[in-house]
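One chain comes next, on its own, written as structure tokens: the form predicted on its own.
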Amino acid sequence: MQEDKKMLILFGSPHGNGHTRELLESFLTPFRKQEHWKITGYSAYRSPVKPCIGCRVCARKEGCIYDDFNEIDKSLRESDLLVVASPVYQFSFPAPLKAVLDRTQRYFEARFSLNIVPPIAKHREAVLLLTMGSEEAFGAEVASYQLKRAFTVMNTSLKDCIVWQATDAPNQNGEEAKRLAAEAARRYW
């Protein structure tokens, strides 16, 4: 019998049924056919966290001055696979998802101020699913770079980045991006 695996989804779109959701669903469909995956989702817009205020509490003790990130932290620590699904706004993540990413400062401080190595014991792989109105690749490059930097102290490896470009173009159905997302999903069984 195969042990259950855990997936954490960080969903960064304000639109529950837009292009980002379509791309995410293409990725998730193969997983829903697998009984050994437990999927937990977090919506940055529906349950926003406070932004990091640079108070440095996390440099003196593990954790944060705010407790609104604790459930995300718990799910992240238990996860085998992290999926970040987001639109690109101004060459980056939307503000509510960026606040989540900024709150991972606690792991940098755990590593470099508290000498906890690694700050998160369990390793996981990650997938980035992006949608963007533009055809310019720079937004995807910035977003993936930001994640890779954060992941350096989170015991996380970004393995796949699927981008659905030109969502603002008429009749853009993203079939290729959705196909690539479903194909990428099969690598994690």
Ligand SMILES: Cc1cc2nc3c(=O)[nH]c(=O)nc-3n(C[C@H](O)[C@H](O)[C@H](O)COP(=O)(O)O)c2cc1C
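Just so it is clear, the model here is predicted, and its values are computed rather than measured. Residue positions are given as counts along the sequence shown, with the first one as 1.
Missing here is the form predicted in complex with this ligand; even so, the following discussion is about that form.
TODO: Considering this ligand in the predicted complex, find the one stretch among 102-110, 82-90, 115-123, 68-76 with heavy atoms no farther than 4.5 Å from it.
DONE: Of the stretches listed, the one contacting the partner is 82-90.
Task: Contact flag, S47 vs this ligand in the predicted complex, heavy atom cut 4.5 Å - done: Output for S47 is no: heavy atoms all beyond 4.5 Å of this ligand.
- [ ] Spell out, yes or no, whether the shortest heavy atom distance between P30 and this ligand in the predicted complex is within 4.5 Å.
- [x] The answer is no: P30 has no heavy atom within 4.5 Å of this ligand.
- [ ] Using the partner position in the predicted complex, report whether Q34 sits within 4.5 Å of this ligand, counting heavy atoms only.
- [x] No, Q34 sits far enough from this ligand in the predicted complex that none of its heavy atoms falls within 4.5 Å.
Open item on the list: Taking this ligand as it sits in the predicted complex, is S157 near enough to touch it, meaning that at least one heavy atom pair lies within 4.5 angstroms?
Closed with: Contact check for S157: no, nothing within 4.5 Å of this ligand in the predicted complex.
Task: One residue of A143, C58, V127, M132 in contact with this ligand, assessed in the predicted complex (non-hydrogen atom, 4.5 angstroms) - done: Contact with this ligand in the predicted complex is made by M132 alone.
Task: Contacts with this ligand in the predicted complex - residues in 159-182 whose heavy atoms fall within 4.5 Å - done: Sequence-ordered list: T167, D168.
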